[in-house]
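Shown here is one chain on its own, the form predicted alone, set out as structure tokens.
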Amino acid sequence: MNGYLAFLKKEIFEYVKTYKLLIMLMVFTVFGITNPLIAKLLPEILESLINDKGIISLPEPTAYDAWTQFFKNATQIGLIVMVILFSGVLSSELSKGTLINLLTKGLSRTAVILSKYTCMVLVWTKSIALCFVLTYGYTVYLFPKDETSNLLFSVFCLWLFGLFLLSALLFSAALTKSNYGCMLITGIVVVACMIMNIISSVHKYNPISLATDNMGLIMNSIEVSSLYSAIMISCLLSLIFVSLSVVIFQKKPL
């Protein structure tokens, strides 16, 4: 336990030192501020351009448009940035040999894997929470009369998908020695989930549903209970990926 906490502190310091934490927070801060602004201003900008050509006006923007921007930016850009930043979670230290000294001094390989996953989860949690708070504040200010349903649950689902993605990333990092290989394997996992999502009977069990059904939850077109199976499967797969990462890393030559 002491080794885990000590290595976790070291990981957090490294994320601060290498600006990974700062980059994540900056990216999601920009999203949090611009999500409602884009929703508010984009129709007006498009309308001014369209009206020059004599075409009819666009409908008034709503809070749904702001949250559409939130989930679109978080899933399409935010998660990609996260994967790129964390792709060297093991390979960078393995290539430099910095782990060898720590492991020979008694640090367990299990503590290394668990602390790295914990640190990535903490960074992801802070980033998505910051983005949510900023988006929520500006959305309430710009669209005070609009109400949304199941907002916290939909954001929780996106957060949980991020945890699943991080576990797949850690598993990929344990399998390969390069950043590109890590990103490739993680991409294959995501693409596999997207392909399986085409099958309607698989959709409710698919982890990627947690990142695609968010607006349906907010607009009440999707029942909360329909994602319970996907939540359980995501938690189970995350546990499996992290456990396999520990097993693989235990046998991995340094």
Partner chain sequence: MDWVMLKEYLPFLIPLVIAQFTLSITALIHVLRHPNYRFGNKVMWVLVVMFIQFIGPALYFALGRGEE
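Values in this document were obtained by computation on a predicted structure and should not be read as measured data. Numbering follows the first chain given and starts at 1.
We do not show the form predicted in complex with its partner chain, though everything after this point is about it.
Annotation: in the predicted bound form, residues 19, 23 and 33 each come within 4.5 Å of its partner chain through at least one heavy atom. Of the listed positions (185, 196, 37, 224), a single one reaches within 4.5 angstroms of its partner chain by any non-hydrogen atom in the predicted bound form, namely 37. With the partner removed from view, the residue among 124, 138, 132, 71 that has a non-hydrogen atom within 4.5 Å of its partner chain in the predicted bound form turns out to be 138. With a 4.5 Å cutoff on heavy atoms, residue 96 counts as touching its partner chain in the predicted bound form. Residue 41 belongs to the set of residues with a heavy atom inside 4.5 Å of its partner chain in the predicted bound form.
Its partner chain in the predicted bound form comes within 4.5 Å of no heavy atom belonging to residue 77. Mapping the unseen interface onto this chain, residue 142 counts among the residues with a heavy atom inside 4.5 Å of its partner chain in the predicted bound form. None of 225-233, 25-33, 197-205, 212-220 except one has non-hydrogen atoms within 4.5 angstroms of its partner chain in the predicted bound form; the exception is 25-33.
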